[in-house]
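Taking the form predicted alone, here's one chain by itself in structure tokens.
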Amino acid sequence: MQKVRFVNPQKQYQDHKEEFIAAFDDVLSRGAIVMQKDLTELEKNFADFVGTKYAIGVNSGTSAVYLGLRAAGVKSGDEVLTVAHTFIASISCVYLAGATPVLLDVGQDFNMDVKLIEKALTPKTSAIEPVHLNGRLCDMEVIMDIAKRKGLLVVEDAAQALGASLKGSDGTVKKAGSFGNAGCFSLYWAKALGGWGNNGMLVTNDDAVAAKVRLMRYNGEDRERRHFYYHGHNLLMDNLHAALLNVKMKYFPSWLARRKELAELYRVGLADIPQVRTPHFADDRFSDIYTNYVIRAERRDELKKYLDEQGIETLVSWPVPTYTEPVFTDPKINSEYGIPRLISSEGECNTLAHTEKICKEVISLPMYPELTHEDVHTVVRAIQAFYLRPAT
């Protein structure tokens, strides 16, 4: 019995099948496999959408973050401030760039608690890597102010926030990825703009960063001069993936509008359930795009089991804090990298209280543009029914 799927790429494919097949056929008929006009067009469309000078296609969001850190200037021995409540790649890329992550606790919106940034600074701090989680920006106005005052680099992990924006105190609205030295996006198939498998994009307004990333994504080679300038990896986005993403880009603004509409249905439907906290926050500077619709729920694990039984697919991301994973706790593994410092409201510590609490409460509900109103109502009714039952 399956009533509501968590994601449904098959429906999106069926809705635009003819266009996808036409793009596929066009690329292969031209033999346009690597570094062709389709990738160039996607990069231009993407940069225009985000509001940056450059966009550079890569093979994953992880590659985008790794290249962003390196190209911006993060080096061995540096410290980079980021968060623990994130996918492990946000942290791993700091290590892979040769630096050490410093993990800050998060606020009510699951994002970096900006009040902790200055507590975390040391002479080794070179950069801040804010993670815009679930389609909501960190408070980039505060982060950029600190970065400018302290001379820090900013590399945005915007993997989940393509299209989210923040209105600054001067009235200027800027989108995720356009604030720092580089912005890094995942175009993984389940993201708001998902490719076919793994894809990613890096954006920047910095000429030097753009030039370096273009070289580093293809083994350090300048394809025109046919010389190599860096030791690197092959991290290119394939041209076929770019062509298919170009089809999706046409519909992306309407898909974002639909996500906001669905989020409002959830907000209204769940408003009277005291055991549930919805991801709607009282700050009209932010425009969220709800890449994930993540609620905080009492008896979370019991709720998930009940929803599973009702045929409603959900996801619990990171049920334990990242810093408790074996890569950090097993000395045989982490001796190569070291253990990150943790920063809470109390200063340097051994655990992050809010991160720990969130990990025990969060659950992601179905969220994608093809979701129907009735699907949302089905999910809401099931959650209402669960909390009307006696606790076990």
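Numbers for residues come from their place in the sequence shown, where the first is 1. Everything numeric here is computed off the predicted structure, so don't read it as measured data.
Note that the form predicted in complex with a small molecule isn't included here; everything after this is about it.
Contact with the small molecule in the model of the complex, judged by any heavy atom within 4.5 Å, is made by just one of Ala242, Val155, Ala159, Val203: Ala159. Of the residues given (Ile143, Ala164, Met216, Ala89), Ala89 alone sits with a heavy atom within 4.5 Å of the small molecule in the model of the complex. Not displayed here, the small molecule is kept clear of Thr355 by more than 4.5 Å at the level of heavy atoms in the model of the complex.
Among heavy atoms of Phe286, none comes within 4.5 Å of the small molecule in the model of the complex. Contact between Phe252 and the small molecule in the model of the complex is not found at the 4.5 Å heavy atom cutoff. Taking the partner from elsewhere, Tyr188 is found to have a heavy atom lying within 4.5 Å of the small molecule in the model of the complex. If you check the small molecule in the model of the complex, you find a heavy atom from every one of Thr62, Val131 and Asn199 within 4.5 Å. Heavy atoms within 4.5 Å of the small molecule in the model of the complex belong, among the stretches 304-312, 89-97, 68-76, 264-272, to residues of 89-97.
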